[in-house]
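Read the single chain below, which is given as structure tokens and is the form predicted on its own.
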Amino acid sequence: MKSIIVLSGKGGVGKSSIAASLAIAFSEDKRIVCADCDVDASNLSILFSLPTERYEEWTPLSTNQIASIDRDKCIRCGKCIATCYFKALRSEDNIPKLNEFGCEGCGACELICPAKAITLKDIDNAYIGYSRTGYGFKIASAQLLPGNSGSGKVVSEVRKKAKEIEPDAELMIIDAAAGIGCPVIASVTGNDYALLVTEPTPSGYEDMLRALDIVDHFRIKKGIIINKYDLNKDYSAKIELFAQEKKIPIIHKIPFDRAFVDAMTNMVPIIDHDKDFRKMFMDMKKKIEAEVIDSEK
């Protein structure tokens, strides 16, 4: 199964909208599956008009642990409080008390406790599941629970889920989170191709460079889409010059169009909302196929 990740570094550049329409384009002649790896704010399924209430599966997921203190065993030495890097433990009546929202489950307190009064216990920190889109392919998704950590591990579970629900898929399309943190790193590793979506603004350009560093670290082939390129043609030219110098193909330049906003508010991918965009996304698909699939023949 080949995999393509769509990422941006900066949020709000149209990454998920482009991923959704590309998924439909690829699904016309390939068996595909989607993985929504933005587990802090998953929205790819919303673009397919699929709220979690319509999921075929949506179950609790545990990828994290927190400390559990046995008050009867505690000898009140205070070593765990002094050791906790995240300041999740404080003294209450000379016994350590845990702030669950501060605990990262690192296990340092368990290791330092001479009385073996602290153990780590699994907690449900997310929900994970899948649904079938109206275009015939499935989408795996997850949502980190408020105040919980471990988004990188949850992303890994989403990618496993996508393979599990569609083991015979030829292609997986991954929608990454914005930024360059743990969930993005967990999304990028092991892919065959990275599609970087940017916009012609200083922050869009700089955040694309940061995302590119991650892609290059994992030695993944890549291409660039400049969204809303006509809003700042000077900055678009700067991005194109950079791509030319680095020998990175520009897969497409998308003009600003309010139809994208209309499509999102109607929860329909733009390729289906406005048929005028079909040719544009089919052209993108053809270029990406040439980069990912045809180049290996």
Partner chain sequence: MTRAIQITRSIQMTRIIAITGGKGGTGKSTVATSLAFELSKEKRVLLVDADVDCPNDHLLLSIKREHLKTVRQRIPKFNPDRCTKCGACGKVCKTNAIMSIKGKNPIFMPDQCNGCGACKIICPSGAIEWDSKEIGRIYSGKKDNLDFLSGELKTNQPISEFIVNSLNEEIEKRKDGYDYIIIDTAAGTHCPVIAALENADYAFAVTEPTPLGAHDLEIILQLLARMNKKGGIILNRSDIGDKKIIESMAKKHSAGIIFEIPFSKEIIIQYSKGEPVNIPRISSIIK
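Numbering follows the first chain given and starts at 1. Fair warning: this is a prediction, and the values are worked out from it, not measured in the lab.
Same protein, other form: the form predicted together with the partner chain, not shown, and the subject of what follows.
Within 4.5 Å of some heavy atom of the partner chain in the predicted bound form lies at least one heavy atom of Leu47.
Put simply, Cys77 is far from the partner chain in the predicted bound form: not one heavy atom of it is within 4.5 Å. Although the partner is absent here, His217 lies within 4.5 Å of the partner chain in the predicted bound form, judged by heavy atoms. Although the partner is absent here, Pro167 sits far enough away that none of its heavy atoms falls within 4.5 Å of the partner chain in the predicted bound form. Comment: the partner chain is not present in this chain, but in the predicted bound form one of Ala126, Ala178, Ile224, Met172 has a heavy atom within 4.5 Å of it, namely Ala178. The three marked residues, Tyr85, Ser149 and Lys153, each reach the partner chain in the predicted bound form, with a heavy atom inside 4.5 Å.
Only one of 282 to 290, 5 to 13, 269 to 277, 18 to 26 lies within 4.5 Å of the partner chain in the predicted bound form by heavy atoms, and it is 5 to 13. Heavy atoms closer than or equal to 4.5 Å to the partner chain in the predicted bound form belong, across 182 to 216, to the residues Cys182, Pro183, Ile185, Glu199, Pro200, Thr201, Pro202, Ser203, Glu206, Asp207, Arg210, Asp213, Ile214, ordered by sequence position.
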